[in-house]
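Take a look at this single chain, the form predicted alone, given in structure tokens.
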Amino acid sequence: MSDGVAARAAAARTLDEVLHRGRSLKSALAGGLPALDDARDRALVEAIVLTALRQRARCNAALDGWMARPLGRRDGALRALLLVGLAQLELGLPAHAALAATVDAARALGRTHQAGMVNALLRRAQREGLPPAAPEAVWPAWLARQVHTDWPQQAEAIFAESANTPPLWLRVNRRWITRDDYLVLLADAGIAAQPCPELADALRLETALPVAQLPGFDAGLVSVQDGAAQAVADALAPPAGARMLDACAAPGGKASHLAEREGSLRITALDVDARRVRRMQEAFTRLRLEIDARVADATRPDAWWDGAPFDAILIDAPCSATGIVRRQPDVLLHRRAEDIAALCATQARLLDALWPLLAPGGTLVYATCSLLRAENALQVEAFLARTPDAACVPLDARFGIDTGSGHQRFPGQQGRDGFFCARLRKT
């Protein structure tokens, strides 16, 4: 099997696992990509799968309209393969090579009898393009209704932006290099990037590329982090020498950013999952940062807290991830209505458990990558109502729409992810 055919077959298997077998995209990619030796093939598989999931509404509209007999439940593998072919055309890959490799992948996957049909459907897509379809169509009905209820004026833009390919955001490690000097390194490598005036350490690349191609990545000069997430450092802004807690820290990007900006911070970074903590520690090592990373349940401070108050606390809470659908499109496949109540309960427990650990006059930032009011403004309002010594401190327009209890940003605004952030002060 040639490399091109192997990549298409791997993309089809990955999609099938995500769409029809309930696996997360991250897990499916982790299982399939190592089998491909070439980094370019691995990058191609990831690009194909993400595009197929983002454009699933249009792909499904094409298949439903063009096929004489609708695909059934047993045709999951075939649907995945067809989505792989359609996604390549959406990506603008050379049509002849994409079609030929996908048809050969059908044979390699044991679907020789369907290779002709695959070829015919992809050739039609090449001639006519994919039909239009509402991006909202791939959202679970209950979730789409909630977005419309929470954000009636922004809902259509939210659905449309969530189907788009996001830019790649970089965070320059100011401990080791200035942003201007890193821009020179990128230019020397033939990589175009733009600084963001509102974010002191951010660079924006319109086209994603593997981190191995980023100059100095292994040496800790740069990390990948969306612009919305980078703004958290400005919201918290702990003073020099502060004792700080990042309560739900993995994969460690926000704790790293704060440590890069102020080396005197004493940061404790927690996560309940030991594997995620190991990966977080690896990231801190790559960036050459001294951060105390621990496996711990932030909702049970009695098991890990030493009794000394923190000057600053960050709760980047578990949430529905509805603001990052364009980066994690499989969220729409796995999220269930009952998840929201469970997530809200966890968020409330985190706020209630960690507020007593904050020193008087200290700052707590509550953040999510959610668009849902129940997880964001309503969560903060409820906390303020039951916590007399907590006050919400306004942020500025850089953080999005002022909800009265925090600021909401929507996906695609200034190229950033959907994000919520509230700054609370202990009075």
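We number the residues from 1 along the sequence you see. Here the structure is a predicted model, which is why all the values come from computation and not from measurement.
From this point on, the text means the form predicted in complex with a small molecule, which you will not see here.
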**OP:** Report whether the minimum heavy atom distance between D297 and the small molecule in the predicted complex is within 4.5 Å.
**Re:** yes
Original post:
With the partner left out of view, is D330 within 4.5 angstroms of the small molecule in the predicted complex by any non-hydrogen atom?
Top reply: no
Original post:
Does the small molecule get within 4.5 angstroms of any non-hydrogen atom of E260 in the predicted complex?
Top reply: no
Original post:
Heavy atoms within 4.5 Å of the small molecule in the predicted complex: does A250 have any?
Top reply: yes
Subject >> Complete contact of A12, R42 and L93 with the small molecule in the predicted complex (any heavy atom, 4.5 Å) >> reply: no
Subject >> Among the candidates A317, V118, L170, L86, the residue which, in the predicted complex, approaches the small molecule to within 4.5 Å (heavy atoms) >> reply: A317
**OP:** Note which of V211, V272, A157, A137 lies within 4.5 Å of the small molecule in the predicted complex, where distance is taken over heavy atoms; exactly one does.
**Re:** V272
Original post:
For the chain shown here without its partner, which stretch in 127 to 135, 102 to 110, 289 to 297, 144 to 152 has non-hydrogen atoms within 4.5 angstroms of the small molecule in the predicted complex?
Top reply: 289 to 297
